[in-house]
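The data below hold one chain only, encoded as structure tokens and taken in the form predicted on its own.
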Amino acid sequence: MTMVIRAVQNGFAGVVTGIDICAPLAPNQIAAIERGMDDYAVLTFPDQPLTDPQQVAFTANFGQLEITLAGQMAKPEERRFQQLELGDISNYAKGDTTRLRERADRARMYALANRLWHSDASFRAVGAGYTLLHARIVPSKGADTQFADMRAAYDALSAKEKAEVETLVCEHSIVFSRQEIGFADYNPGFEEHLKPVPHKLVLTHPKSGRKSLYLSSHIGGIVGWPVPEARAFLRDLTEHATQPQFVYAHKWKVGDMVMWDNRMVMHRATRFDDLKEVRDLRRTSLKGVGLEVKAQQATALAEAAA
């Protein structure tokens, strides 16, 4: 069986066949997937009946796993998975997979912000590298995941616009993205996790050298800018970056594994009838938009203060 990656659209997103990711991978397979991620930013692996431990093991081939913020903030008895590396992307009621969340359920309110365009964990000092999402149960209609190519969006800017965004530093906080949908109900004791963190608006891929926008609904401001001006500017930039020519929509099937690089991609979930139908996926993420981003942050903050 030979692994093949087929492009979906314009060098963005690839479908991977000829590989069983439920089994341990050989070094050459891992390297081929890494090259595919560098090229396409999003890879889909259809028909992969992974267990939870197999998903964690597959993810670990590519780096250090992230501990989910929701898992850290939840009480132990509230967690569906005691493995904190696994994110529960479902609409089940807390502690009960026989019931769906009710309309005003607190966890449902929090998760609705996933319908905003975002980059995973950009509210942390080191955001997520790869995110991996595996489908266990999918609804009959809706619930696609849309991906926007931030490399192509950067490339499409004018020279003047590229010069303007090049040195900007944005402030990311999960509080801001949840405020966008009117959610502010956080457990006490996690204030340090909620403080804004700085990230450069333009990232450079460490292997290809290709530049991309690092946009996210978690951004609430730009260092040195008045808040209203910053948010109006970011709204315009997000509208530019999510035009149809930059977007791939993945229509989920049971057994699909999708992985993407948060340095190069924004994504969002689309609406479905979550009060009547089950959507159950597992998420794992890798630490690190990486040391190169930490260095960029330090340089950018020094430049902004000068």
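Since the model is a prediction, treat every value here as computed from it, not as a measurement. Position 1 is the first residue in the sequence shown; the rest follow in order.
The discussion below concerns the form predicted in complex with N-oxalylglycine (OGA), not included here.
**Student:** Would you check, heavy atoms only and a 4.5 Å threshold, whether residue 283 touches N-oxalylglycine (OGA) in the predicted bound form?
**Tutor:** Flag for residue 283 set to yes.
**Student:** Considering non-hydrogen atoms and a 4.5 Å limit, does N-oxalylglycine (OGA) approach residue 149 in the predicted bound form?
**Tutor:** Because no heavy atom of residue 149 falls inside 4.5 Å of N-oxalylglycine (OGA) in the predicted bound form, the answer is no.
**Student:** Taking heavy atoms and a 4.5 Å cut-off, does residue 177 contact N-oxalylglycine (OGA) in the predicted bound form?
**Tutor:** Outside the cut-off, so no.
**Student:** If you check in the predicted bound form, is residue 267 within 4.5 Å of N-oxalylglycine (OGA), heavy atoms only?
**Tutor:** Flag for residue 267 set to yes.
**Student:** Could you spot which one of 112, 138, 89, 230 gets a heavy atom to within 4.5 Å of N-oxalylglycine (OGA) in the predicted bound form?
**Tutor:** Residue within 4.5 Å of the partner: 89.
**Student:** Could you spot which one of 133, 219, 153, 203 gets a heavy atom to within 4.5 Å of N-oxalylglycine (OGA) in the predicted bound form?
**Tutor:** When N-oxalylglycine (OGA) is considered in the predicted bound form, the option within 4.5 Å is 133.
**Student:** Just to confirm the contact call: exactly one of 154-162, 232-240, 91-99, 112-120 touches N-oxalylglycine (OGA) in the predicted bound form at a 4.5 Å heavy atom cutoff, so which is it?
**Tutor:** Contact criterion met by 112-120 only.
**Student:** For the heavy atom contacts within 4.5 Å of N-oxalylglycine (OGA) in the predicted bound form, list the residues of 145-160 involved, in sequence order.
**Tutor:** Counting only heavy atoms within 4.5 Å of N-oxalylglycine (OGA) in the predicted bound form, the single contacting residue of 145-160 is 145.
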